[in-house]
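Included below are structure tokens for two forms of one protein chain, each presented in isolation as structure 1 and structure 2.
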Structure 1
């Protein structure tokens, strides 16, 4: 795959000296789904707005499909669809007119069959003749998505698209994302629902304080930085962890009936075999043993904590 979005040494400094973006470098591959994660104020929305040409960078360069977003703004912008966090729609306009007008803004000819399919995909078809003001908040967000797709973009930015919306919209949204992926559309997603990123993203980027901490294949990231936990349920409660087990850094539950052992998934030796032998030697009986893999959310939280030090 080739990079359809290229960001080089991007900086954004606001009046007063606040650096929202600090020399960001980023390649987004054509046809991939990239999840961009970061805490509030990390720079996610600023980065997206700058790539889309809404915010002017202080320095650096951005190209979309080979078109510079400043020198060749119109061609670059035609390739991009944006679903913003804020709902900003004309309340007295009709749904179909709103979506059709957005398509026309990008110089696209009329294609009612295409718009009909979008509205049906987003469960908006029966609302096409209604006014925006008559819609619920969730339906208005669906209209934002339809507007962003109206001109058939090749790159789609979804800035917290399912924040505060109903489960049905979230389900419709991810079904649509999967269809767009099959059509070769590149999708960049920011979300607070990290389980969504874990479910659909090809790569994951983490941004904090205006800096990209990493961009990595999701599976490779979880393998490299993830850890497993073994939960050991005991036959009898213990008051303290025996000194003979001190090297394992076991965590004892409040009631003394469970011990938790953490180990790296990439280690050649997990230490599990020796731990089980040492537990037996210490006279500790086991009722049950379970293992669990750390999630993308665990990795994200640890990365952000490290960057804050």
Structure 2
């Protein structure tokens, strides 16, 4: 099966000479939820804008649903909905009108029943006759989402949808994403909240300084890159870590009752067996052992640190 969005050797240099994207390649599969994770200025918005036709690529090509976004822009764009990062709305417009406008703009005939459903799903139905200016920030973002969904897109881009929104809206948004996924809509969201990627994405891409550093199944990513920590509680406190255990880089807690050992689940030898043996040989008694997995956050921080080197 070929990808619904294909990005090939995409490069973007802004007029000022700044290279925001450096030969990006990306395949997005139909029906998946892809989270693009990256710090501010990484190029997330540039990438999305280029796919959606707002920014012109310097070189490279993009297709959506097999249609080139420039040569066959009509067919490509009909498939795409975009929720921009900034809240760009006409303040004096009415909610329902602006959503209707979006649907028409994307070449669809009027279908108020469908729009009613969207507005209800987004808890906007009560506000349909109100002016945008009267809405709160979170409500405005819902309007942006309603506009993006108004023409029944197959691919939805959400550019930092939960940046600066309250917890309730974030939960609603995640639910909405889940519903859309059931309908087979492909969703690409950018975020710098790692929990978000962790909570809803199937795959995670990490982007920094205009390059995609990695793109992988979330679970695989976490286990491949995952660093684990083993916390060893001792029966008696120790003053110093014995020299025979020097190779393990153990960290001793202040009260001397806990040793922490960090290891890679991916390495062929974790060193756990020998560590336990050596602890016994050194005459140290164990009360309890716990292990914990590092989060996507740690993985992300490591990757970005590495790419900065």
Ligand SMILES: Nc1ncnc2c1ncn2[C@@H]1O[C@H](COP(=O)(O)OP(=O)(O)O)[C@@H](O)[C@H]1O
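Positions refer to the first chain, counted from 1. On a predicted model such as this, the values are computed, not experimentally measured, just so you know. Take the two forms, find the largest set of C-alpha atoms that superpose within 1.5 Å, and that set is the rigid core.
Student: Between the two structures, is it 1 or 2 that corresponds to the form predicted together with this ligand?
Tutor: Answer 2, the form predicted together with this ligand.
Student: C-alpha of residue 69: shift of 2 angstroms or more between structure 1 and structure 2, rigid core aligned?
Tutor: Shift at residue 69: below 2 Å after core fit.
Student: Indicate whether residue 198 shows a C-alpha shift of 2 Å or more between structure 1 and structure 2, with the rigid core used for the fit.
Tutor: Superposed on the core, residue 198 moves its C-alpha less than 2 Å between structure 1 and structure 2.
Student: Would the C-alpha of residue 233 be classed as shifted by 2 Å or more between structure 1 and structure 2 after rigid-core alignment?
Tutor: True for residue 233: a C-alpha shift of 2 Å or more.
Student: Core-aligned, what does the C-alpha of residue 278 shift between structure 1 and structure 2, expressed in angstrom?
Tutor: C-alpha shift for residue 278: 3.9 Å.
Student: May I ask for the C-alpha shift of residue 256 between structure 1 and structure 2, in Å, based on superposition of the rigid core?
Tutor: C-alpha shift for residue 256: 4.1 Å.
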